[in-house]
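We begin with a single chain expressed as structure tokens, specifically the form predicted alone.
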């Protein structure tokens, strides 16, 4: 019988828990799933429900035996964890992360990374607004995108292995991009969307019976406003320059719309609408082509 891979998941929140369930669900790789979480109740729940085979609140032997370590921690916590446990990782282990910023984290991790391990930085483009292991779901990764930001020292065989494993978990496309490209694009497609959702819902007037007037448009636009404040505060600040750039670009477009309305410039307003429609159709075609 093939020896199982020891896969350690550090942080059993909704993403870490989803990795655990997805690893249990797949049948290509024999695995033994190990969990580390500071919350004893979370470890107990994960063990009782069968999501993990072994758990610790403080590493004692898990990292020393893990062939793959998946860090599903907040950005600043990832750096601290690697620094604290740098001498405990198994020789030859592959380490990966799931955080939504890369450049700033890569710069902090590389100087403290121990010899003999291969850190492949990654980011699943999937998740939930709800927090905690209770909301973990094996199917949350189904047909989602995954971004890897390789560094020069990554071994090709490890990149190939991790890519295959991720696809086995349900990810449809695993793409390799440079860290700065990742951060620029994530600022636009993800972080700016959260900025808009938060700003929109916070601009509501207190005391209005808004719920009685809400339709699908408002629900969809504000869905991500139910936000994990500590996590997203870190993500925004770690990606400050890239996020401010896309916010400036959005402000320009917002002002053009506002100016057209103020001056009752119907031609300009229609032009903005027509451009938006054309861009959306183009995006749909490109996305459909990638999905196909």
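Residue numbers count along the first chain shown, from 1. Predicted model, so just to flag it, every value in this text is computed and none were measured.
Unshown form predicted in complex with a further copy of the same chain; subsequent notes refer to it.
Consider the chain as shown here, without its partner, and state which of 113, 200, 159, 79 has a heavy atom within 4.5 Å of a further copy of the same chain in the predicted bound form. Comparing distances to a further copy of the same chain in the predicted bound form, the residue within 4.5 Å is 200.
If you check 107, 139, 220, 87 against a further copy of the same chain in the predicted bound form, which one has a heavy atom within 4.5 Å? If I apply the 4.5 Å criterion carefully, the residue I get is 220.
Given the stretches 57-65, 44-52, 227-235, 25-33, which is the single one in contact with a further copy of the same chain in the predicted bound form, using a heavy atom cutoff of 4.5 Å? Among the listed stretches, the partner-contacting one is 227-235.
Is the gap between residue 145 and a further copy of the same chain in the predicted bound form 4.5 Å or less for some heavy atom pair? Judged by the heavy-atom cut-off of 4.5 Å, residue 145 is in contact with a further copy of the same chain in the predicted bound form.
Decide whether residue 152 counts as a contact residue for a further copy of the same chain in the predicted bound form under a heavy atom distance cut-off of 4.5 Å. Looking in the predicted bound form, residue contacts with a further copy of the same chain do not include residue 152, since no heavy atom lies within 4.5 Å.
Any non-hydrogen atom of residue 208 within 4.5 angstroms of a further copy of the same chain in the predicted bound form: It does: once a further copy of the same chain is placed as it appears in the predicted bound form, residue 208 has a heavy atom within 4.5 Å of it.
Give a yes/no on whether residue 117 approaches a further copy of the same chain to within 4.5 Å in the predicted bound form, heavy atoms considered. No, residue 117 is distant from the partner.
Residues from 235-254 in contact with a further copy of the same chain (non-hydrogen atom within 4.5 Å) in the predicted bound form: Those in contact are 236, 237, 240, 243, 244, 246, 247, 248, 249, 250, 251, 253, 254.
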